[in-house]
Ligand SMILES: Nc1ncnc2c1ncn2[C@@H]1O[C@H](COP(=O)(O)OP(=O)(O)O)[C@@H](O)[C@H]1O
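In structure tokens, the next block holds one chain alone, the form predicted on its own.
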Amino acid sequence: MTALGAPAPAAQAGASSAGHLVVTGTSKRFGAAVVLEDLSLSVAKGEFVSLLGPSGCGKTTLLRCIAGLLRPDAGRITVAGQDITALPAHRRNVGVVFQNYALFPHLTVAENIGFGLRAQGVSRAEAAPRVAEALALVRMGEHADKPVTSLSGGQQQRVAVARALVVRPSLLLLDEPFSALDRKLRETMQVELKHLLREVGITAIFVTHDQEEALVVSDRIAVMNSGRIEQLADPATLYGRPVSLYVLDFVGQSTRLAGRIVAVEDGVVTVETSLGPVRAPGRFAPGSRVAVAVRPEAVTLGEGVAGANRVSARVSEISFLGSRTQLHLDLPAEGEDRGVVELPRLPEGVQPGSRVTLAFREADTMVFPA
């Protein structure tokens, strides 16, 4: 770990083996609206965890409670073993990168980065090398004396991160820091941020509503729903084995078919759907209403492997996405059925209106209560 990433000594005392950041039974209301409800979360030291969910799910409220910008109505928050629930924001040793960066337009890049050090009473002699180190870390050394208003969006984002890291926080919080950037720059900055935080070894909480962004940057992702964590897992588990239809729909695309259990045998269920019978691992009572789903890249055209599920559908639209092609399927309009297949290349002769056979393994098929 670099010196810049090392937390201040006070923040190291009493570290908890349960997690570097521990949120326990935290609730928050605004009037009659429950924004956080008995939420608990544990984040290991050096871990990068994203809070993912739609607007209004409580992710930013949770971030603000951790930062000390809001006081929870119930629960406890500890960082490195220290209870910070009632501490004011300026005494928490928590760095925050805001959505709009909150840079000071009348200050230079170096002055913006050093602002927090001056607020801590760090001498000019001690602050100068720490600011230089932060500038080098985000590759902005040549811009030190420029006004921040002359920088691009990506450069301003780097300054905001450097300003948060230079005070050596015990925890870094990032509130949708890429939302103002164009797609190409956003993708570049995601990779750069992940590399930077891994280099300094800092614990970070990242708020986003962008599923792809969360999958790229995170060690683990907490999918939030109505003030609760619906699932907390690493990206591969979250995508491959979602615990609910909510997580399935929010993280990635899928072919999803409503149906009814018509047979159960040795931990495998048969579901009658609008496209025919589909088998999947699961334990449901016969007659149960369920939904079966399969990720688009797990579907092939043709007969597939022996024992695979096979259904037939008509192609409604074809989307060329560069390295892959998506086929959208024409399914019954009623209900929530939808179909999407993702292929490395489009087979010859397949076009809108073509009827195709879809094959996918039972092991790749998921089933959820309807």
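A quick note: this is a predicted structure, and the numbers were derived from the prediction, not measured. In case it trips you up, residue 1 is the first one in the sequence shown, and so on.
The same protein also exists as the form predicted in complex with this ligand; that form is not shown, yet it is the one meant from here on.
Visitor: Thinking of this ligand in the model of the complex, which stretch from 42 to 50, 28 to 36, 319 to 327, 300 to 308 has heavy atoms inside 4.5 Å of it?
Guide: Selected stretch: 28 to 36.
Visitor: Is residue 58 part of the interface with this ligand in the model of the complex - any heavy atom within 4.5 Å?
Guide: Contact check for residue 58: yes, within 4.5 Å of this ligand in the model of the complex.
Visitor: Please determine whether residue 335 contacts this ligand in the model of the complex, using a 4.5 Å cut-off between heavy atoms.
Guide: Output for residue 335 is no: heavy atoms all beyond 4.5 Å of this ligand.
Visitor: Let me know which residues along 267 to 305 have a heavy atom within 4.5 Å of this ligand in the model of the complex, or say none if there are none.
Guide: Heavy-atom contacts within 4.5 Å come from no residue here.
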